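Shown next as structure tokens: one chain only, the form predicted on its own.
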């Protein structure tokens, strides 16, 4: 499988590292909209200008897109599906149906195969929700994220005037988590499920009270949550908050029996030292599935729901049956 990376931020670097861990994967190169001469890769992988991507149409089996969901992927994925099999990590849940339709139309027109919204949520958490709901139809799903850094929320804080740097952690509420695990099937509001912890480096002379007020009242980000804001120095930020950990859990509580007398709980959890590196590892596994399915004649757009687990594994079917079944 010959892959290429489009975009070289945290996620692109993660894919670069993941490619080294998969013996059946060759990294053709990294394509960037920045000047390639100014980019130094982690592994010495070659970097090319994004404008030259068309020259590699016959050299790349799967192109992995490492752009953002807000503005990059809605345009890039359907555009690049004209020439490549593509995998992306589009994670704006509410807009997935529209994104899927746009990519599906482009890929069917070009005869390519694309997979959108790969990663851990959407992605692996999506599969956990689907499997659990299929097994326990009389039940309820809960998804908790964290404790971990939300890159989007951190960026939103950094855009506030007077803020030099910021990290925002999403944290599950322990009482809510305990109630779900106990099979109580509680009705939980947004505020009852998660809290948000913000660590902020303010500019000298900045109005910290105004910054805090701007954070806790920010719609769509913090207004619906119990939010704490802690001001720290740049040195403390570098020392204590340099990483990008994340994780979470999908829990389904369900009932079986003649009168629903037996309770069951399914829980799938992740604890990640590096959100982008784990997401990148999932992207490479899904790219393997795309490559295999494309060579079997599949075209159009897929999600994690359309991929057989065996197609994600580098192992042969007989090895899977012998060692993992």
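Residue numbers count along the first chain shown, from 1. The structure displayed is predicted, hence computed values, not measured ones.
What comes next is about the form predicted in complex with a further copy of the same chain, which does not appear here.
a further copy of the same chain is not drawn, but in the predicted complex it has a heavy atom within 4.5 Å of residue 272.
Within 4.5 Å of any heavy atom of a further copy of the same chain in the predicted complex lies no heavy atom of residue 225. Within this chain, residue 257 lines the site of a further copy of the same chain in the predicted complex, having a heavy atom no more than 4.5 Å away.
In the predicted complex, residue 126 approaches a further copy of the same chain with a heavy atom inside 4.5 Å.
Between the options 232, 179, 149, 96, the residue in contact with a further copy of the same chain in the predicted complex by a heavy atom within 4.5 angstroms is 96.
Comment: a further copy of the same chain is not present in this chain, but in the predicted complex one of 268, 48, 294, 56 has a heavy atom within 4.5 Å of it, namely 268. Per the 4.5 Å heavy atom criterion, a further copy of the same chain in the predicted complex is contacted by stretch 282 to 290, the sole one of 64 to 72, 48 to 56, 282 to 290, 29 to 37. In sequence order, 17, 20, 21, 22 are the residues of 6 to 37 having a heavy atom within 4.5 Å of a further copy of the same chain in the predicted complex; the partner itself is omitted from this view.
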